[in-house]
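The data below hold one chain only, encoded as structure tokens and taken in the form predicted on its own.
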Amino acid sequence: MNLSYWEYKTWLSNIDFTIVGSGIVGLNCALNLREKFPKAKILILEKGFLPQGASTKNAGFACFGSISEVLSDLKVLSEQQVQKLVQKRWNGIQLLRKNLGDSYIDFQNHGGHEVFTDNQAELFESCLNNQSVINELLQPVFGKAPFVKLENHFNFKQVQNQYITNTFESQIDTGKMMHRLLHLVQNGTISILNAINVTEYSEGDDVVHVKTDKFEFATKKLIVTTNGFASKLLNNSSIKPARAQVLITKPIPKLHIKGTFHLDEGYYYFRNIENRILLGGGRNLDFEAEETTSFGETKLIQNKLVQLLTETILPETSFEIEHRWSGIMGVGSNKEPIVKQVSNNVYCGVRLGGMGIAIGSAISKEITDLL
């Protein structure tokens, strides 16, 4: 791409910080950098026309992990590591609320309910038996025991008669959150260039040379926040993409369901958005096919989502699907994110494990502290 003198001079010269990715982490990182370095020239590069990946495509869960997810994490992490991970999610949500304001993200606390199917009686009993242990572990994070047992008052079918609810879990409006972040970034005299794909970089003595599909330039510091897309750019095989397929219904009159819900150890999740139901998940039906950076939907998973709506979530209510989409998460062998200095002038904050809303703000602060 043949850029003019003016274009290079205005947008691509004397850059102090370049952030790859304009999602939750990237935008928050830019705001933190602006606060810490008021005179710095900050550039954000985004390969989509809107933030790509999961930041504008997620379900809007302000969550910390259902009880079965916490128990699963304890199989690969120590109690101290799990407590630290949940603490990071809690701190991240509070930081997000402080920075953006509850009204701007439509923050609502209705609790997060884990629903167990008829076939998961053993898992349900295990969670009940460990509820007091998990509450004791996480009480220092929340200030009181987070998990309680509630009756199936939403009348879901083919499930156990009780839920295990995290009373602190909440929901937000993903679109409003990202719109607010973009507004704050633009007001902070931070440049965002969309439809720019960073293909590679190399380091000099005091500068990073960046190559994109449109142009090349130099920056003093490079920060990679592309989450599920970061593996190739960082040459890090521990970051795996994970596609999440989602659908949403048309408005349903007198919808009685309110809150966020986890099903099948978190592989399915649903919530109300006003008088609609959003439902996503199902990558456990075909892990190999869903380990991809390609957006799209599959009949296997979409049919399963409709089946869950029909037989479990809305068994006595007629509904129509209005829209379907997918997002790309970053996952790994465990749920600990990767926040580190990659080399002299390159940093990253990636592999958020489907918890971008909860930990994105905290991860961006960690990156800024490293710088």
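Computed from a prediction, not measured in an experiment: that's the story for all the values here. We number the residues from 1 along the sequence you see.
Below, we refer to the form predicted together with a small molecule, which is not included among the displayed structures.
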| Does residue 60 reach the small molecule in the predicted bound form, with heavy atoms at most 4.5 Å apart? | yes
| Should residue 33 be classed as touching the small molecule in the predicted bound form when contacts are defined as heavy atoms within 4.5 Å? | no
| request: Please run the contact check for residue 52 against the small molecule in the predicted bound form: heavy atoms, 4.5 angstroms, yes or no? | output: yes
| query | Using heavy atoms and a 4.5 Å limit, would one call residue 65 a contact residue for the small molecule in the predicted bound form? | reply | no
| Looking at 269, 147, 201, 163, which has any heavy atom no more than 4.5 Å from the small molecule in the predicted bound form? | 269
| said: Only one of 41, 335, 47, 304 gets a heavy atom within 4.5 Å of the small molecule in the predicted bound form. Which one? | reply: 47
| field | Per-stretch contact check against the small molecule in the predicted bound form, the hit in 339-347, 25-33, 309-317, 66-74 (non-hydrogen atom, 4.5 angstroms) | value | 25-33
